[in-house]
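For reference, the chain that follows is the form predicted alone, supplied as structure tokens.
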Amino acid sequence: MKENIVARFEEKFDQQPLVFAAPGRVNLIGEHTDYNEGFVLPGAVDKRIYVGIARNDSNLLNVWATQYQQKFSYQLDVIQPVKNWSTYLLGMAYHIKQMGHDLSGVNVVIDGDVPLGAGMSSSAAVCSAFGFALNDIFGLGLSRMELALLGQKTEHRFAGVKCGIMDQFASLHGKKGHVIKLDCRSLGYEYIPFDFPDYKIVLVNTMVSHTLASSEYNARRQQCEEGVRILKKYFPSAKSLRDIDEAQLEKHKNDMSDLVYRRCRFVVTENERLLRGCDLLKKGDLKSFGDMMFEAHEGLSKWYEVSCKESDFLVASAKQHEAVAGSRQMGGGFGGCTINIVKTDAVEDFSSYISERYIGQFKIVPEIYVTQIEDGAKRAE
């Protein structure tokens, strides 16, 4: 990919660029825990966004996107959001300038193999790669955490997506052979070993995007907040569901509606699952960790109710395949991908098996992405 970026850069701008790369991410366990100040367990993957970059003698940001065969130019002294993918580049430049750093014009070629719309956070990878590149060529001295927070601000203000910090954090802090236990309250983190060469991470895309997702996401947040308001009567120091354990919730479940209780129960048990899961990975017990992934999906489907028939079918089918250690829906829900941990020597068989079953049931061909845990943003080699 680096060679392609360099060749295209020379063709478009008649310059030699530096090339940087930032990965997409998966999240092994811990969904809907981020906005409840809980824990997540993401890892950077070997699908990346690449940025070739060089300074120019103007105040222009000139961008060529190979994937889209599109070129844009923007004045860096008048930056505003735009309604296309380049808003992520503009947002990063804007927020870096807002910190008081001087930026001059740059030429950019961008390309990559992070699948779009597959839940691997291609937009976070774009922000991370471009921010990392600007930080390097202008010697800004920004930390990876600062770049992650700038990426989150860009999502909020330039793309209108009120995301958490997990995607940007994982893209910048990823470490080969490790996932990251991220505390979404303190932003403290710990690298957890995930080095299983006999297994691959396989994402199966339902190819379904339900329109319910955003409204139902907001409803879940409100239901969790309602649960916290009720529980604070008994546990005044509780700031979020992160501060409640299962026994405390069960003791006071009759104080809340069954719906609110079910939402709270999923989040509380998901946090506990994640913490137990980290201990299992430290012991190298992938089988027990995989069992917890199936448990997590059951919670997403039956207790939090953010799954769909397509995701449920894929997870149930995966559970019947002997080479699968664990499977669950990944992401906010109502479609997107399932994440599966599959024996390396059976990936081809699993892919054929799951495709045939899915096509037979829904008449839809699922996209399948085979990946593994790799390093975060860096200069491309």
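This structure is a prediction, so every number in the text was calculated from the model and none was measured. We number the residues from 1 along the sequence you see.
What comes next is about the form predicted in complex with a small molecule, which is not displayed.
Participant: So which of 76, 165, 280, 96 gets a non-hydrogen atom within 4.5 Å of the small molecule in the predicted complex?
Facilitator: Contact check passes for 165.
Participant: Can you check whether residue 217 is within 4.5 Å of the small molecule in the predicted complex, heavy atom basis?
Facilitator: Although the small molecule is absent here, residue 217 would touch it in the predicted complex, with heavy atoms inside 4.5 Å.
Participant: How about residue 32 - does it come within 4.5 Å of the small molecule in the predicted complex, if we only consider non-hydrogen atoms?
Facilitator: Output for residue 32 is yes: heavy atoms within 4.5 Å of the small molecule.
Participant: Based on heavy atom distances of at most 4.5 Å to the small molecule in the predicted complex, which listed stretch, 313-321, 23-31, 57-65, 341-349, is the contact stretch?
Facilitator: Of the options, only 23-31 has residues within 4.5 Å of the partner.
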